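Okay, here we've got a single chain as structure tokens, the form predicted alone, with questions on binding and movement later.
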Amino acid sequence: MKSSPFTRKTRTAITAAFGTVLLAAGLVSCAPASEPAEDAPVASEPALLTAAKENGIIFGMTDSPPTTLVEADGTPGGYASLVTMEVLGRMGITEFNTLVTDFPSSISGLVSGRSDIRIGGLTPNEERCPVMAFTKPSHVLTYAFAVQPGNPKGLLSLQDLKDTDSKLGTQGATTQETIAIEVFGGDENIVILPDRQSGIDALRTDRVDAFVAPYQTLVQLLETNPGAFEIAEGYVPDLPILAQSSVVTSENADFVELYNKYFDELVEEGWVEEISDEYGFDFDLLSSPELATC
């Protein structure tokens, strides 16, 4: 685990530049006219791509720095936004809009058509994979505890919280909530909080003894809440490392197939590893055998 605080570097939103390709017409032929040959089949591009090239694409996202956020000028920001915009730019999409919601609503927004792609921050699992089309993971989440300065109860795992009858703060409808309920044998000692800042506020006011969140998020929260908490040493051992992907509805699986092709190019070029390092994500974990994907 990195010990130095992560600082998100200011980046200019990535914009893909596209030139217009002029096709030469009127080819001269001296051969006599003949019956036109039967047209060869032409592969059509994904319907979502065609629509997004014409009208732009709407990102469904949560306000979860450093993964996803909205910049002061209204453009998408954060690690997952930049990766997604770079891939989509190579696919020919140049206009990006945002629909910012809470975590559960980001899925309903996608299903209802209010957004076109739910970016970053969604974990492939047995329930979601059959009904959604997931991109290849852009990064991996590892979880840590925010605890009182000095970690007076020595809380390093979910089992530690159960053994000490401590209260855990977490966001609802998340993997960490589900696993905590399993470890605790119920939800009596679990406090559901609407966002991550609320988790730190609950810790300050002794409503919870630990707040669990992605490590990179806690590092950033330390910058805006100096002295309010500390990050417990090590990742939470009884929570898995989680693949984080973007997702579209299942009928747009062909869009994901093309997306993954361009994402692989970025990996091969070293771009994904470079931006992962910049934002504090462990690029090597993308190839971990522990990582569950669709």
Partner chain sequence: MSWDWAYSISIIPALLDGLWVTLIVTFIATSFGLVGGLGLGILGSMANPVLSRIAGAYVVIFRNTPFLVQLYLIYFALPEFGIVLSSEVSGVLGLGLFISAYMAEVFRAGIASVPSGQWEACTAINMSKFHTWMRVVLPQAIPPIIPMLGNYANLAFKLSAYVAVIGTIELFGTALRLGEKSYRYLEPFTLVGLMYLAVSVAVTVSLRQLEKRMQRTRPEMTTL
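The model shown is predicted, which means the values in this text are computed figures rather than measured ones. Residue numbers count along the first chain shown, from 1.
Keep in mind that the form predicted in complex with its partner chain is missing from the display, and what follows is about it.
Between 126-134, 182-190, 144-152, 82-90, the stretch whose residues reach within 4.5 angstroms of its partner chain in the predicted bound form through a non-hydrogen atom is 126-134.
Proximity of residue 160 to its partner chain in the predicted bound form falls outside the 4.5 Å heavy atom cutoff. Although the partner is absent here, residue 195 is a contact residue: one of its heavy atoms lies within 4.5 angstroms of its partner chain in the predicted bound form.
The closest non-hydrogen atom of residue 167 lies beyond 4.5 Å of its partner chain in the predicted bound form. Proximity of residue 97 to its partner chain in the predicted bound form falls outside the 4.5 Å heavy atom cutoff. For a residue to qualify, one of its non-hydrogen atoms must sit within 4.5 Å of its partner chain in the predicted bound form; all three of 108, 201 and 205 qualify. Of the residues in 162-181, only 173 comes within 4.5 Å of its partner chain in the predicted bound form through at least one heavy atom.
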